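Each of two forms of one protein chain follows alone as structure tokens, named structure 1 and structure 2.
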Structure 1
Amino acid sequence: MDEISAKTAGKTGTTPKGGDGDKNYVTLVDHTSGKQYDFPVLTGTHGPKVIDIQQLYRRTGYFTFDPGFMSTANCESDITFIDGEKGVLMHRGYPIEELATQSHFLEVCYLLLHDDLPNQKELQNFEHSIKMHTMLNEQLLKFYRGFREDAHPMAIMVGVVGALSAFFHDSMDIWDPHHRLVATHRVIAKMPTMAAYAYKYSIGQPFIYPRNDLDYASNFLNMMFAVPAEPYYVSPVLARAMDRILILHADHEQNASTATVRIAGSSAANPFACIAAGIASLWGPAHGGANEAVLNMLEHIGSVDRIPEFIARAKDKDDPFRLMGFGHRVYKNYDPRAAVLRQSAHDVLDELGIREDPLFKLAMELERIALEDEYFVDRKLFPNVDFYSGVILRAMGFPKSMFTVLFALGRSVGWISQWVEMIQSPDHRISRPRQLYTGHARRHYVPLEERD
């Protein structure tokens, strides 16, 4: 069996943009042949160093085996950085706590797209452009009526977002910077309309057209909950909570759906098809369904007096029950998004006067235990963003089937920003992962009449 080892050598390597200049190589040693190979070590602004193995197969004849890409950087990006050990999330260098408490969603959209916060004129122009693209072509509305009334809203979103590519041939040249810009604005502007219409169709209510006199979050809530028969008042508290949820879900580095968008886009697919692919990936319960799972868990527990029973089960390593909405795969510290959303959850409950709702009393008691119980604190099992967003969205009247749609609404700006970055990268090429083949060795065809 071939044996390979690696060691770090103090030789000059390469550093991507934003690096700190700490350059070296890793030497790979093939103990069977005795050959040694040097591979550059790349150093980013933050985060672990990265071994550049782009030439690994050509030089050595080996591939790497990394199911789930848990140790593989699939791109170079300057959009979002996460340090799960320290509980850090930054967009373009700005901490998420500052953006969520001091900024608003459209300003964050501009930041993700353009690498910096806008000045007043830039923001006005950007907001105006978004408002000019909020409506849908009337022919697209007929597309909604092709779905069954009980269709899941995410199924509708995959279809209608992908269908946008049939309506905008004037912005489909992905190599044209102006076309890309128009496409990004259309995605950001039309996602709230498409999401609200998916909900309206599912409950048999008429579509509510967007209103350009409202801000982004308020306009979305109006399209979701207004009816033609009477005026609808958008609470500023609820609008602000909605805006924060969108900010906190705007981008999260190279997660499954973002990687899907990049892989789809690597083939030069149009941006609307790529976003539809991202929505499909997000639909998986292991990715976008966590806040819905939180509500299902709360309903399963049922009442405050049953909490001790389920806490004991959560602590029992032999019991498959887990408290949903606690801890995070990436964050081994307090999820910085949850810290912001926690206050919004309490603000929403106060605004709506429903703190006495049994499910919310149950959620708040679970929150108290998680923040005080030694078992949870020692294991960093704090409430995460999904715990609080589920509580907020239920309080605001969103059905569970819409939770992942709202995730997609917020994440769409991250997807389109990552897509633009990929298209503009000088290293852009079609994605082509390799495999470890473990099937049959070569064998020959046997005619049917000769088979046993």
Structure 2
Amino acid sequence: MDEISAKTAGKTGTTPKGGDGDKNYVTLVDHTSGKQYDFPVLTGTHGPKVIDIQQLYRRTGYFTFDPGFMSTANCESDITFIDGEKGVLMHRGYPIEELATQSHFLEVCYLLLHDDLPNQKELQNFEHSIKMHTMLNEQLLKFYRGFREDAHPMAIMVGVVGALSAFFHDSMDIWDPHHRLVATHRVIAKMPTMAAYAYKYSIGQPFIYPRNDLDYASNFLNMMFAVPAEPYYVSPVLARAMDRILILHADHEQNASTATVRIAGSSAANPFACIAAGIASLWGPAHGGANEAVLNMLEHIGSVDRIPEFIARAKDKDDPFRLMGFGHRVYKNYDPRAAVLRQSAHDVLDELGIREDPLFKLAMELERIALEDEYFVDRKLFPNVDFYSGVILRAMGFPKSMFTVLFALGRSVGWISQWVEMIQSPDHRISRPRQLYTGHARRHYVPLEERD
């Protein structure tokens, strides 16, 4: 049987060929051939060690098999660290709870892009540069008119963000650091404008141009909800809540959409096309589409007395229903973002005078019951970032169809930061996974007249 067993050699093990003395290593034993292979173990700042198997196929003729990447690190990154067991999320070493309560979104954007918090001058220059890129080319606005008015805003975003590639030939040399910098600022600056316009188009209202006298979140809310016919007041509490929601969605290690951006970018595709690929991946209800799915679920459950029925359905393997906003590939503890959003929900509902929002009460009761149920406890299924965000966004006046667009708006800085890190990596190469082929063995063509 082609069985390979692995044992990790302790510090006293012989160093792997070409390794140095202080590195750990594992030895793979191929029981079919009796051969042994040492592979280096690499240690990061935090988190699990990794076995460097880049030479595995060349040396052993084996591939690894890991659909869904349950045990695979696809890159080395300095940007975000998650400890799923402890419910820890840090950006460049700073805990998300501190950033969400003490920083603001553009400062977090600077941190993700530049590895350190900015000083006063750096932040001022960064914010000015972002403000200088908030408008869209007037030709780009015509793209919106090509969509049906009932088009899902995520469909519009995939199209319009990808179309940015057609407008910035002056900054598409991805190997030029200045072009990369301009592209990152354009993504951060234009995403709010493009998102707001997707909404305005869907309700038949005129586009509201960006206002550079407003902060990032206030400008976005103004473009979303102002109308030319009258002044619009941006509530500072809602702007703060919006800014916090963007921070909480900014980056999250190698999630599906970020991995999509990295793979798209590995072919040296331009950054706008890569971000559009990330938006497409995020749209799925198993990923960023879950916030919209949570609201649909809460509205479908309707009342507290129906919660047991849906908990039972979520546990029934023959029923495709899952408790949206619960569970996570990495977090086997409470998603730290959900905890902050739960508090933000209280603040926003208080500000809006809808403390008794029935959907929020239903969400909290659903959480309480699920977290007492052994099915969810045994599988460590806790609320994730999507569980409370929809309740807040709905209370703020966003339609459900915009929830994932707002996720994409926050996550765009994470995508572009990870894209820059990948392009700048000294061992950057195209991502090209292999497979376990289980199809037909070689066979020969049968002419039509000879087939049954």
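Between two forms, the rigid core is defined as the largest C-alpha subset superposing within 1.5 Å. Residue positions are counted from 1 along structure 1's sequence. Source: prediction; values computed, not measured.
Chemist: Name the structure that matches the description of the form predicted together with s-citryldethia Coenzyme A.
Modeler: Of the two, structure 2 is the form predicted together with s-citryldethia Coenzyme A.
Chemist: Taking the rigid core as reference, does residue 361 move its C-alpha 2 Å or further between the two structures?
Modeler: Yes, the C-alpha moves 2 Å or more.
Chemist: Once everything's superposed on the core, is residue 306 shifted 2 Å or more at the Cα between the two structures?
Modeler: Residue 306 C-alpha, core-superposed: shift of 2 Å or more.
Chemist: So, superposing on the core, is the move of residue 321 at the CA at least 2 angstroms between the two structures?
Modeler: Comparing the forms between the two structures, which are aligned on their rigid core, residue 321 does shift its C-alpha by 2 Å or more.
Chemist: Enter the rigid core superposed C-alpha shift of residue 370 between the two structures, rounded to one decimal in Å.
Modeler: A shift of 6.3 Å at the C-alpha.
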